[in-house]
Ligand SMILES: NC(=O)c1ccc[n+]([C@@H]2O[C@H](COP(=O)([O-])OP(=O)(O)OC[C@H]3O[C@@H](n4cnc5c(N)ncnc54)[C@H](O)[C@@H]3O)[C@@H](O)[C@H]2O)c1
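Let's start with one chain on its own, the form predicted alone, as structure tokens.
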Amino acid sequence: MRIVITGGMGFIGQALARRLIGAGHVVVLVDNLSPQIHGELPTLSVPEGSSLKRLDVREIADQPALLDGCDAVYHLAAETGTAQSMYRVRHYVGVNEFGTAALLEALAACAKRPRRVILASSRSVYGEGAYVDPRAPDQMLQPPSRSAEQLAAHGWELQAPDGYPLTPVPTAEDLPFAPGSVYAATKAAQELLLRASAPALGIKPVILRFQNVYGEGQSLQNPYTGIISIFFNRARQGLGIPLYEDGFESRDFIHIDDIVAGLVAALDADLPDGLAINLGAGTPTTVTELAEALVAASGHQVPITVTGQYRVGDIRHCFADMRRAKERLGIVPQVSLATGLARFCAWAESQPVFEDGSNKALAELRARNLASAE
């Protein structure tokens, strides 16, 4: 097959390309080589056996020949920082929504269109995700995002209207959209655009909702996203690791190998059009647990400090219900967090040291009243 990957020089795109090339496919990578991810002077290491077209996805509508005759498209190109999206609104909408629209326009201009488009969406579309009230455990709830006032009062956990604490449960794909950030809203829009256009274009739309992806190859110089990379970069330079809120917020961390396995399985799986499928580990890990495990795996002993600070738009908990991934794709995550962190740290230690930019990123939020003051 001839396969096009937008965002193909990103962390996930390169790992996917190597797997597809190993399976005998012809791979074309489309990427703008964003300085925030690749640096001002990117050092290119194009996966052997693939070709690269340097192009902003928003301009792909003008070059449909890139897509004409290909068998499948993986649409990975996107801006991904939740906090940054809250003030770079036009940029995120431009790249994520207009970029997807441009891709669809290019496909409409193709004489021979691909048989399917596989979209990398996000767990962020669920907002705070699924909860239950322990007093009525059979009733699924989807609480609204925490307000700035609640965060300022250090009301970290989600509560019932009467103040009773709610319990997070695995979030399944049938939970409605409830985006709590601009980034999340753009990912929901990507899904809607693809679903709306695919029938007229004769393309099968496949939607994969990623949890927190990490692993070897992740950018170590992007201070806006990738909590594991940010923590490692600070620890390596002898800087302490600051934890937001009370350190007990949790995330679902999935290793790049398991994400790629899901992406490859989606290429040929017999799926209903537009079906959304979660890809995660299916288990929550608190940020405190993550920081402690990362420090142990890296060997860089630095202080871990709970700061009580917060960012508007962050969720408290969310972890994936993985039943559909198992049933539809045959995917069961194979890489444990302990193994994945050990592999990541061994790889990251071999990479150049990049100046920590997390304080600068936080200052940008504070200047816009989107994060707590010091």
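Quick caveat: nothing in here was measured; it's all calculated off a predicted structure. In case it trips you up, residue 1 is the first one in the sequence shown, and so on.
Keep in mind that the form predicted together with this ligand is missing from the display, and what follows is about it.
This chain is displayed without this ligand, yet in the model of the complex the stretch 49-57 from 49-57, 65-73, 332-340, 315-323 comes within 4.5 Å of it by heavy atoms. The contact with this ligand in the model of the complex, taken as any heavy atom within 4.5 Å, belongs to F210 out of Y131, F232, Y126, F210. Contact annotation: L33 falls within 4.5 Å of this ligand in the model of the complex, judged by heavy atom distances. Within this chain, V27 is remote from the site of this ligand in the model of the complex, having no heavy atom within 4.5 Å. The shortest heavy atom separation between A261 and this ligand in the model of the complex exceeds 4.5 Å. This ligand in the model of the complex is not approached by A348, whose heavy atoms all lie more than 4.5 angstroms from it. Shown without its partner, the chain has A120, S121, S122 in segment 116-153 as residues with a non-hydrogen atom within 4.5 angstroms of this ligand in the model of the complex.
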